[in-house]
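In C-alpha coordinates, one chain follows: the form predicted alone.
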(Lines give C-alpha, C1' and ligand atoms only; values in the text may rest on other atoms or scores of the structure.)
Protein backbone atom coordinates (compact mmCIF):
# COMPACT_ATOMS: atom_id res chain seq x y z
CA UNK A 1 0.00 0.00 0.00
CA UNK A 2 2.82 2.39 0.90
CA UNK A 3 4.65 1.52 -2.31
CA UNK A 4 1.52 2.21 -4.39
CA UNK A 5 1.07 5.61 -2.75
CA UNK A 6 4.74 6.38 -3.38
CA UNK A 7 4.39 5.46 -7.07
CA UNK A 8 1.23 7.58 -7.42
CA UNK A 9 2.98 10.55 -5.81
CA UNK A 10 5.94 10.13 -8.16
CA UNK A 11 3.55 10.11 -11.13
CA UNK A 12 1.92 13.33 -9.94
CA UNK A 13 5.32 14.98 -9.49
CA UNK A 14 6.40 13.77 -12.93
CA UNK A 15 3.25 15.16 -14.59
CA UNK A 16 3.70 18.53 -12.90
CA UNK A 17 7.38 18.74 -13.91
CA UNK A 18 6.58 17.63 -17.46
CA UNK A 19 3.85 20.24 -17.75
CA UNK A 20 6.15 23.02 -16.54
CA UNK A 21 9.19 22.01 -18.63
CA UNK A 22 8.20 23.75 -21.87
CA UNK A 23 7.33 26.89 -19.91
CA UNK A 24 10.59 26.92 -17.96
CA UNK A 25 12.72 26.14 -21.04
CA UNK A 26 11.30 28.46 -23.67
CA UNK A 27 13.54 27.14 -26.42
CA UNK A 28 12.29 26.15 -29.88
CA UNK A 29 14.85 23.35 -30.28
CA UNK A 30 13.96 21.86 -26.89
CA UNK A 31 10.24 21.97 -27.71
CA UNK A 32 10.85 20.31 -31.09
CA UNK A 33 12.96 17.52 -29.58
CA UNK A 34 10.36 16.81 -26.89
CA UNK A 35 7.52 16.75 -29.44
CA UNK A 36 9.38 14.26 -31.65
CA UNK A 37 10.41 12.26 -28.56
CA UNK A 38 6.77 12.03 -27.47
CA UNK A 39 5.73 10.80 -30.94
CA UNK A 40 8.48 8.17 -30.96
CA UNK A 41 7.49 7.18 -27.41
CA UNK A 42 3.94 6.41 -28.56
CA UNK A 43 5.27 4.02 -31.21
CA UNK A 44 7.85 2.56 -28.78
CA UNK A 45 5.12 1.99 -26.21
CA UNK A 46 3.18 -0.17 -28.66
CA UNK A 47 6.31 -2.03 -29.72
CA UNK A 48 7.20 -2.64 -26.06
CA UNK A 49 3.78 -4.20 -25.60
CA UNK A 50 4.38 -6.54 -28.56
CA UNK A 51 7.98 -7.44 -27.73
CA UNK A 52 7.85 -7.41 -23.95
CA UNK A 53 4.48 -9.00 -23.24
CA UNK A 54 3.69 -11.01 -26.36
CA UNK A 55 7.33 -12.12 -26.59
CA UNK A 56 7.56 -11.45 -30.35
CA UNK A 57 10.15 -9.64 -32.45
CA UNK A 58 9.26 -6.93 -34.96
CA UNK A 59 11.72 -4.84 -36.97
CA UNK A 60 9.03 -3.55 -39.28
CA UNK A 61 7.00 -1.12 -37.21
CA UNK A 62 8.22 1.80 -39.28
CA UNK A 63 5.92 0.46 -42.02
CA UNK A 64 2.89 0.97 -39.74
CA UNK A 65 4.35 4.31 -38.68
CA UNK A 66 4.46 5.24 -42.35
CA UNK A 67 0.95 3.95 -43.08
CA UNK A 68 -0.40 6.24 -40.38
CA UNK A 69 1.61 9.18 -41.69
CA UNK A 70 0.61 8.69 -45.32
CA UNK A 71 -3.04 8.08 -44.40
CA UNK A 72 -3.05 11.40 -42.56
CA UNK A 73 -1.35 13.15 -45.49
CA UNK A 74 -3.53 11.72 -48.26
CA UNK A 75 -6.83 12.29 -46.46
CA UNK A 76 -6.07 15.86 -45.44
CA UNK A 77 -4.23 17.07 -48.56
CA UNK A 78 -5.79 15.04 -51.37
CA UNK A 79 -9.36 14.74 -50.09
CA UNK A 80 -9.73 17.65 -47.69
CA UNK A 81 -10.81 15.55 -44.70
CA UNK A 82 -10.44 17.28 -41.33
CA UNK A 83 -7.29 16.38 -39.43
CA UNK A 84 -9.22 14.95 -36.47
CA UNK A 85 -11.17 12.45 -38.59
CA UNK A 86 -8.05 11.77 -40.64
CA UNK A 87 -6.25 10.82 -37.43
CA UNK A 88 -9.02 8.39 -36.51
CA UNK A 89 -9.02 6.98 -40.05
CA UNK A 90 -5.22 6.60 -39.97
CA UNK A 91 -5.47 4.46 -36.84
CA UNK A 92 -8.21 2.32 -38.44
CA UNK A 93 -6.30 1.88 -41.72
CA UNK A 94 -3.13 0.93 -39.84
CA UNK A 95 -5.02 -1.58 -37.71
CA UNK A 96 -6.63 -3.09 -40.83
CA UNK A 97 -3.22 -3.38 -42.51
CA UNK A 98 -1.82 -5.07 -39.38
CA UNK A 99 -4.73 -7.52 -39.38
CA UNK A 100 -4.18 -8.46 -43.04
CA UNK A 101 -0.43 -8.78 -42.58
CA UNK A 102 -0.51 -10.38 -39.14
CA UNK A 103 -2.65 -13.36 -40.08
CA UNK A 104 0.09 -15.03 -42.17
CA UNK A 105 3.20 -13.37 -40.71
CA UNK A 106 2.55 -14.23 -37.05
CA UNK A 107 2.65 -17.93 -37.89
CA UNK A 108 6.41 -17.44 -37.96
CA UNK A 109 8.44 -17.29 -34.77
CA UNK A 110 11.51 -15.57 -33.41
CA UNK A 111 14.11 -14.64 -36.05
CA UNK A 112 11.94 -15.75 -38.96
CA UNK A 113 9.28 -13.30 -37.77
CA UNK A 114 11.90 -10.56 -37.50
CA UNK A 115 13.04 -11.18 -41.08
CA UNK A 116 9.46 -11.13 -42.33
CA UNK A 117 8.79 -7.78 -40.64
CA UNK A 118 11.90 -6.35 -42.29
CA UNK A 119 10.31 -7.32 -45.59
CA UNK A 120 7.23 -5.29 -44.66
CA UNK A 121 9.31 -2.12 -44.55
CA UNK A 122 10.70 -2.67 -48.03
CA UNK A 123 7.27 -3.57 -49.45
CA UNK A 124 5.77 -0.42 -47.93
CA UNK A 125 8.49 1.82 -49.35
CA UNK A 126 8.18 0.30 -52.83
CA UNK A 127 4.39 0.66 -52.82
CA UNK A 128 4.54 4.28 -51.68
CA UNK A 129 7.16 5.11 -54.29
CA UNK A 130 5.29 3.44 -57.16
CA UNK A 131 1.88 4.92 -56.29
CA UNK A 132 3.07 8.39 -57.21
CA UNK A 133 -0.34 9.73 -58.21
CA UNK A 134 -1.65 9.22 -54.69
CA UNK A 135 1.45 9.40 -52.50
CA UNK A 136 3.65 11.82 -54.45
CA UNK A 137 6.25 9.13 -55.20
CA UNK A 138 9.79 9.79 -54.02
CA UNK A 139 9.05 13.47 -53.33
CA UNK A 140 6.23 12.60 -50.90
CA UNK A 141 3.43 14.91 -49.80
CA UNK A 142 3.91 18.43 -48.50
CA UNK A 143 1.78 21.20 -46.97
CA UNK A 144 -0.05 18.86 -44.60
CA UNK A 145 -2.28 21.04 -42.40
CA UNK A 146 -1.68 21.39 -38.67
CA UNK A 147 -3.73 19.11 -36.47
CA UNK A 148 -6.90 20.82 -35.28
CA UNK A 149 -9.92 19.94 -33.13
CA UNK A 150 -13.16 21.93 -33.38
CA UNK A 151 -11.31 24.84 -34.95
CA UNK A 152 -8.47 24.90 -32.42
CA UNK A 153 -5.21 24.53 -34.33
CA UNK A 154 -2.05 23.06 -32.82
CA UNK A 155 0.11 25.37 -34.89
CA UNK A 156 2.93 26.00 -32.40
CA UNK A 157 5.48 23.68 -30.87
CA UNK A 158 4.17 24.46 -27.38
CA UNK A 159 0.65 23.37 -28.31
CA UNK A 160 2.01 20.29 -30.06
CA UNK A 161 4.05 19.42 -26.99
CA UNK A 162 0.96 19.28 -24.77
CA UNK A 163 -1.06 17.47 -27.46
CA UNK A 164 1.51 14.72 -27.98
CA UNK A 165 2.36 14.18 -24.31
CA UNK A 166 -1.26 14.15 -23.18
CA UNK A 167 -2.02 11.49 -25.80
CA UNK A 168 1.08 9.58 -24.68
CA UNK A 169 0.02 9.70 -21.03
CA UNK A 170 -3.51 8.47 -21.84
CA UNK A 171 -2.07 5.60 -23.89
CA UNK A 172 0.44 4.81 -21.15
CA UNK A 173 -2.32 4.51 -18.54
CA UNK A 174 -4.42 2.38 -20.88
CA UNK A 175 -1.47 0.11 -21.68
CA UNK A 176 -0.50 -0.28 -18.03
CA UNK A 177 -4.05 -1.28 -17.11
CA UNK A 178 -4.09 -3.67 -20.07
CA UNK A 179 -0.92 -5.52 -19.05
CA UNK A 180 -2.33 -5.99 -15.54
CA UNK A 181 -5.60 -7.37 -16.89
CA UNK A 182 -6.36 -10.98 -17.81
CA UNK A 183 -5.21 -10.28 -21.37
CA UNK A 184 -1.85 -9.08 -20.13
CA UNK A 185 -1.39 -12.12 -17.92
CA UNK A 186 -2.43 -14.38 -20.78
CA UNK A 187 0.08 -12.74 -23.13
CA UNK A 188 2.87 -13.36 -20.61
CA UNK A 189 1.96 -17.05 -20.56
CA UNK A 190 1.95 -17.15 -24.37
CA UNK A 191 5.36 -15.46 -24.46
CA UNK A 192 6.73 -18.01 -22.00
CA UNK A 193 5.34 -21.13 -23.68
CA UNK A 194 2.67 -21.30 -26.35
CA UNK A 195 2.08 -25.03 -25.88
CA UNK A 196 1.33 -24.60 -22.19
CA UNK A 197 -0.98 -21.66 -22.94
CA UNK A 198 -3.12 -23.90 -25.15
CA UNK A 199 -3.64 -26.38 -22.31
CA UNK A 200 -5.20 -23.67 -20.10
CA UNK A 201 -7.61 -22.44 -22.73
CA UNK A 202 -5.64 -19.58 -24.29
CA UNK A 203 -5.62 -19.14 -28.06
CA UNK A 204 -2.04 -17.91 -28.69
CA UNK A 205 -2.58 -17.09 -32.39
CA UNK A 206 -5.60 -14.90 -31.67
CA UNK A 207 -3.94 -13.17 -28.72
CA UNK A 208 -0.72 -12.42 -30.62
CA UNK A 209 -2.72 -11.00 -33.51
CA UNK A 210 -4.70 -8.70 -31.21
CA UNK A 211 -1.53 -7.37 -29.55
CA UNK A 212 0.13 -7.00 -32.95
CA UNK A 213 -2.82 -4.94 -34.23
CA UNK A 214 -2.84 -2.79 -31.09
CA UNK A 215 0.89 -2.10 -31.31
CA UNK A 216 0.49 -1.23 -34.99
CA UNK A 217 -2.33 1.20 -34.17
CA UNK A 218 0.00 2.93 -31.70
CA UNK A 219 2.59 3.24 -34.48
CA UNK A 220 -0.05 4.49 -36.93
CA UNK A 221 -1.22 7.12 -34.46
CA UNK A 222 2.38 8.22 -33.94
CA UNK A 223 2.90 8.39 -37.70
CA UNK A 224 -0.22 10.54 -38.17
CA UNK A 225 0.98 12.96 -35.49
CA UNK A 226 4.45 12.92 -37.06
CA UNK A 227 2.97 13.95 -40.42
CA UNK A 228 0.89 16.77 -38.94
CA UNK A 229 3.82 18.12 -36.91
CA UNK A 230 6.39 18.06 -39.74
CA UNK A 231 3.69 18.88 -42.36
CA UNK A 232 5.32 16.50 -44.85
CA UNK A 233 5.95 12.81 -45.48
CA UNK A 234 8.30 10.94 -47.82
CA UNK A 235 9.29 7.27 -48.25
CA UNK A 236 12.78 7.86 -46.86
CA UNK A 237 11.37 8.89 -43.49
CA UNK A 238 9.95 5.41 -42.82
CA UNK A 239 12.82 3.11 -43.65
CA UNK A 240 14.60 0.33 -41.83
CA UNK A 241 16.64 2.83 -39.82
CA UNK A 242 13.46 4.09 -38.13
CA UNK A 243 12.45 0.51 -37.29
CA UNK A 244 15.85 -0.08 -35.73
CA UNK A 245 15.56 3.16 -33.77
CA UNK A 246 12.22 2.03 -32.31
CA UNK A 247 13.67 -1.36 -31.36
CA UNK A 248 16.70 0.26 -29.72
CA UNK A 249 14.39 2.59 -27.76
CA UNK A 250 12.58 -0.43 -26.34
CA UNK A 251 15.81 -2.26 -25.52
CA UNK A 252 17.36 0.80 -23.87
CA UNK A 253 14.25 1.23 -21.74
CA UNK A 254 14.04 -2.49 -21.00
CA UNK A 255 11.88 -5.02 -22.81
CA UNK A 256 8.59 -5.19 -20.94
CA UNK A 257 9.09 -1.86 -19.17
CA UNK A 258 6.47 0.64 -20.33
CA UNK A 259 8.01 3.63 -18.55
CA UNK A 260 11.42 2.49 -19.78
CA UNK A 261 10.28 2.60 -23.42
CA UNK A 262 9.25 6.23 -22.93
CA UNK A 263 12.60 7.05 -21.31
CA UNK A 264 14.43 5.24 -24.09
CA UNK A 265 12.54 7.27 -26.69
CA UNK A 266 13.48 10.55 -25.02
CA UNK A 267 17.15 9.60 -24.60
CA UNK A 268 17.58 8.32 -28.13
CA UNK A 269 15.74 11.28 -29.68
CA UNK A 270 18.12 13.63 -27.88
CA UNK A 271 21.04 11.57 -29.18
CA UNK A 272 19.65 11.65 -32.74
CA UNK A 273 19.51 15.43 -32.56
CA UNK A 274 23.06 15.54 -31.15
CA UNK A 275 24.53 13.46 -34.01
CA UNK A 276 22.32 14.98 -36.72
CA UNK A 277 25.41 16.38 -38.46
CA UNK A 278 26.84 12.85 -38.81
CA UNK A 279 23.82 11.01 -40.16
CA UNK A 280 26.00 8.74 -42.32
CA UNK A 281 27.35 7.18 -39.13
CA UNK A 282 24.02 7.13 -37.25
CA UNK A 283 23.28 3.41 -37.68
CA UNK A 284 26.82 2.53 -36.60
CA UNK A 285 26.47 4.71 -33.50
CA UNK A 286 23.08 3.21 -32.68
CA UNK A 287 24.55 -0.27 -33.12
CA UNK A 288 27.34 0.50 -30.66
CA UNK A 289 24.82 1.88 -28.15
CA UNK A 290 22.68 -1.24 -28.52
CA UNK A 291 25.68 -3.52 -27.92
CA UNK A 292 26.77 -1.54 -24.85
CA UNK A 293 23.31 -1.70 -23.32
CA UNK A 294 23.00 -5.43 -24.03
CA UNK A 295 26.35 -6.00 -22.29
CA UNK A 296 26.13 -3.65 -19.31
CA UNK A 297 22.40 -2.94 -18.85
CA UNK A 298 20.50 -5.84 -20.48
CA UNK A 299 17.54 -5.22 -18.15
CA UNK A 300 17.10 -1.67 -19.45
CA UNK A 301 17.97 1.72 -18.05
CA UNK A 302 15.63 1.77 -15.02
CA UNK A 303 15.85 -1.87 -13.98
CA UNK A 304 19.54 -2.06 -14.80
CA UNK A 305 20.52 0.99 -12.75
CA UNK A 306 18.25 -0.18 -9.93
CA UNK A 307 19.83 -3.63 -9.84
CA UNK A 308 23.36 -2.22 -9.98
CA UNK A 309 22.52 0.14 -7.11
CA UNK A 310 21.18 -2.77 -5.05
CA UNK A 311 24.39 -4.73 -5.73
CA UNK A 312 26.50 -1.77 -4.58
CA UNK A 313 24.44 -1.32 -1.41
CA UNK A 314 24.65 -5.04 -0.63
CA UNK A 315 28.41 -5.05 -1.18
CA UNK A 316 28.97 -2.15 1.23
CA UNK A 317 26.50 -3.64 3.70
CA UNK A 318 28.34 -6.96 3.64
CA UNK A 319 31.66 -5.19 4.21
CA UNK A 320 30.23 -3.33 7.21
CA UNK A 321 28.88 -6.55 8.71
CA UNK A 322 32.23 -8.30 8.21
CA UNK A 323 34.05 -5.46 10.01
CA UNK A 324 31.57 -5.65 12.91
CA UNK A 325 32.00 -9.44 13.15
CA UNK A 326 35.79 -9.12 13.10
CA UNK A 327 35.58 -6.76 16.09
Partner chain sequence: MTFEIFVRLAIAGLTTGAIYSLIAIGFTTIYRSSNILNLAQGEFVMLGGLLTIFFIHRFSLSYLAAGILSVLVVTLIGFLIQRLVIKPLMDQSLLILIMATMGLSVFISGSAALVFGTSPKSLPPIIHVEPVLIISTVRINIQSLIIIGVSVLLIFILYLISHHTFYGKAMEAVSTDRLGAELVGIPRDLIMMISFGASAAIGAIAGICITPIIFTQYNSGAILGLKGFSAAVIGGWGRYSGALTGGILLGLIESLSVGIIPSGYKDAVSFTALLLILYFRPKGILGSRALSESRK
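Please read all numbers here as calculations on a predicted model, not as lab measurements. Positions refer to the first chain, counted from 1.
The discussion below concerns the form predicted together with its partner chain, not included here.
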For this session: Flag residue 196 as yes or no: does it have a non-hydrogen atom within 4.5 angstroms of any non-hydrogen atom of its partner chain in the model of the complex?
Result: no
Problem set entry | Contact test in the model of the complex: residue 267 vs its partner chain, heavy atoms, 4.5 Å | no
Exercise. If you check in the model of the complex, is residue 272 within 4.5 Å of its partner chain, heavy atoms only?
Worked result: no
Exercise. Closest heavy atom of residue 112 to its partner chain in the model of the complex, within 4.5 Å or not?
Worked result: yes
Seminar exercise, completed: Testing 77 to 85, 112 to 120, 216 to 224, 171 to 179 against its partner chain in the model of the complex with a 4.5 Å heavy atom criterion leaves exactly one stretch, namely 112 to 120
For this session: Select from the listed residues 34, 263, 57, 49 the one whose heavy atoms reach within 4.5 Å of its partner chain in the model of the complex.
Result: 57
Problem set entry | Heavy atom within 4.5 Å of its partner chain in the model of the complex - the one residue of 158, 96, 108, 205 that qualifies | 108
Problem set entry | Heavy atom distance at most 4.5 Å to its partner chain in the model of the complex, all of 244, 288 and 298 | yes
